[in-house]
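A single chain, nothing else alongside it, follows as structure tokens in the form predicted on its own.
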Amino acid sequence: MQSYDLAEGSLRALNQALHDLKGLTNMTDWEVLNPRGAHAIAAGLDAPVTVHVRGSTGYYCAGMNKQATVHIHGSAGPGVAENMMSGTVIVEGDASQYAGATGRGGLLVIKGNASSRCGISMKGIDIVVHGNIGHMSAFMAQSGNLVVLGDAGEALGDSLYEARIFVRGSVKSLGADCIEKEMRPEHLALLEELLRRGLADHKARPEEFRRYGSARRLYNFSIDNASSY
């Protein structure tokens, strides 16, 4: 395993070394020591490598991730896995605001709680949160899946498109055009797979969740809905 200590080296040098892995490499296992809340750790990766970050991180850790697995052994600041394309990001602790924002693919696992706007404008990413999520989560979410084993805050799924939301606990309120939907067999099968991939299959069963999605009333302008726009 390649080890890099941010108490001794610069963040710029670390990220450059990780970016240089694009293409063929046998340096596939890395660990980052003493992150001490630094921003943009392991951002922009594009190689099938595994990076263990031994501590908590600042803004945009693992942002724009492609192919890589980034495992944060601590909590993550705002924008973890923002705009990720593929790969896996695991947060052992809590995540701050807009975790997984605009994500287009891959899997984000948060073993603690997520703050407000989790999954905002998600475009294909799968997000599994073992704890609770804050207000305005999945705002304008377009596609992908958000799974929450705990509770959800206010305005869940506001202005939702075709993303699917599964919540095991309570929902404080639903946002504009977000409604509860029937949980059909295909959704139970999908959720079972998401719980397995999200390392939560031992904590919950698909039958314990409710599904939320778009009522599709805001797709086209209607004068009757003017107050909702």
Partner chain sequence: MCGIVGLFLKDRALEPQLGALLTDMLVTMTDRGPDSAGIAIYSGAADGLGKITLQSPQPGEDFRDLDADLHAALGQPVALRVKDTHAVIELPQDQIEAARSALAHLRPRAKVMSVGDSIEIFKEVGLPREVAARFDLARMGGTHGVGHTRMATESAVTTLGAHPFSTGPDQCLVHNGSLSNHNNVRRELIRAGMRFETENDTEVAAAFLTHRLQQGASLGEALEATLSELDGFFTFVVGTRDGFGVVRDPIACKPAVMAETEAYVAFGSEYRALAGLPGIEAARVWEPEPATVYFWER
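Everything numeric in this text was worked out from a predicted model, so none of it was measured. Positions refer to the first chain, counted from 1.
Here the subject shifts to the form predicted together with the partner chain, a form of this protein not shown in this document.
In plain terms, the part of the chain that comes close to the partner chain in the predicted complex, with a heavy atom within 4.5 Å, is 109-117 out of 109-117, 79-87, 122-130, 137-145.
The partner chain is not shown here, but in the predicted complex it comes within 4.5 Å of a heavy atom of Arg36. The shortest heavy atom separation between Ser56 and the partner chain in the predicted complex is within 4.5 Å. By the criterion of a heavy atom within 4.5 Å, Ser159 is excluded from the residues contacting the partner chain in the predicted complex.
If you take 72-109 and check each residue for a heavy atom within 4.5 Å of the partner chain in the predicted complex, you get Asp94, Ser96, Gln97, in sequence order.
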